[in-house]
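Only one chain is shown below, in structure tokens, and it's the form predicted alone.
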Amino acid sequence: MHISHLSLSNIRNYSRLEFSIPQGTTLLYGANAQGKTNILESIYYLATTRSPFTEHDSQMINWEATQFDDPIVVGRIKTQITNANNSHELEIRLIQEMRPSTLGQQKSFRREVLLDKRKVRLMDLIGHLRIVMFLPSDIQLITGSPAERRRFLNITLCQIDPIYCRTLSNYNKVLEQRNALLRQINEGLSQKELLPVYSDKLVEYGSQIFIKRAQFIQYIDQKAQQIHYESISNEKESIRFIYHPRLKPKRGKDSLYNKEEMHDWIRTHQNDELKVNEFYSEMLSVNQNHDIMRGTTTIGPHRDDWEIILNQRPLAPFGSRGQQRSALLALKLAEIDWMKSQTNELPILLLDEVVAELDEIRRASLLNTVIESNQAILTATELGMFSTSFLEQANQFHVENGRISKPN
């Protein structure tokens, strides 16, 4: 899989860009705030339909374009991709327009998605372009909130498995409906008899999510152990990835939840959807009164988490910064391997200023993977951190003030 061309209109600091991207390794270099990362963000956005840097997609529209009195401003990201079987044109339009309201003219925002020039649902675009992105902020996967780690699972799995993506969407819709009913019951506005309808659907979708996540984490656990032990830690450190499905209530001293127990349980039953379904349904029933009192569903995959164990100790509180970087590198390399195992193709690699974060051994391990990939796009402020042999193999482009040029 590779991108042959990227076209941007009114995106970040690019009013207009036409960029033919070669296969192999592409290195974008230049000073900060010139537009290097915006290229990676645009590609990531086409692959996942979301930005890794902002929660508000409208912020991706070129700021200067929004300062005029035009009733409609359109930002466009378009690319041509080719894989082993076919090629596709992907496009997302970010549309900001003025619409009349009771308060006068107000800004509104919407998105349009096109696949081979046909408008499709947002979900239908995911999976056509597969990427693995390396960011300095990935450290949040270790030190950040469980929501960050669930987001990683969902983005990775959705790129490969459209069934997972649809199931996750359905789960979130039913969860919202069940939570609304729980609040109504708590306020005396509805009856408990309606609850099983939503609980049964939640179990149906949630059990599939638990299983997919468990299978993915098991693969990552095994592959990352090998990568970390053999290539990164010089056979000195062991690493584990542990999945914590929220299949039991977790509340204070009366908690029924034990992380290690649930990790072992889901690993044992990750190929038995009926068993997971029965257990999840039982736990929802056990927790029903508590959920009504809280007005929200307190168990399910929306409360999942996972963690990294290094030398039998949790990495987040006990690992050094270098150990955390090593674990992240092992995770990302294992993610690449998993995608290849599922599709028989390597994903496109996007690396934003991460080489500077690594020591010589870890840098060499990463750059070996980069060179062996079908296509990788890196950003850097300085070329001095790369070896001469790497630079000779990379296609170099200078980025300055939203312009990309080949150096003389």
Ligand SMILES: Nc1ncnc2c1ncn2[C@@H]1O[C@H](COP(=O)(O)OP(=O)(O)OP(=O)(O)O)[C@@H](O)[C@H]1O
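All residue numbers are counted from 1 along the displayed sequence. These numbers were taken from a predicted model, which means no experiment stands behind them.
One more form of this protein, predicted in complex with the named molecule, exists but is not displayed; see below.
Just one of I348, M60, L378, L358 comes within 4.5 Å of the named molecule in the predicted complex, counting any heavy atom, and that one is M60. Of the candidates N13, Q396, S9, Q393, N13 is the one whose heavy atoms come within 4.5 Å of the named molecule in the predicted complex; the others do not. In the predicted complex, the named molecule sits beyond 4.5 Å of every heavy atom of R362. Taking the partner from elsewhere, S341 is found to have every heavy atom lying beyond 4.5 Å of the named molecule in the predicted complex.
By the criterion of a heavy atom within 4.5 Å, Q67 is excluded from the residues contacting the named molecule in the predicted complex. For S42, no non-hydrogen atom is located within 4.5 Å of the named molecule in the predicted complex, even though that partner is not displayed. For the partner-free chain shown, nothing in 290-318 comes within 4.5 angstroms of the named molecule in the predicted complex, judged by any non-hydrogen atom.
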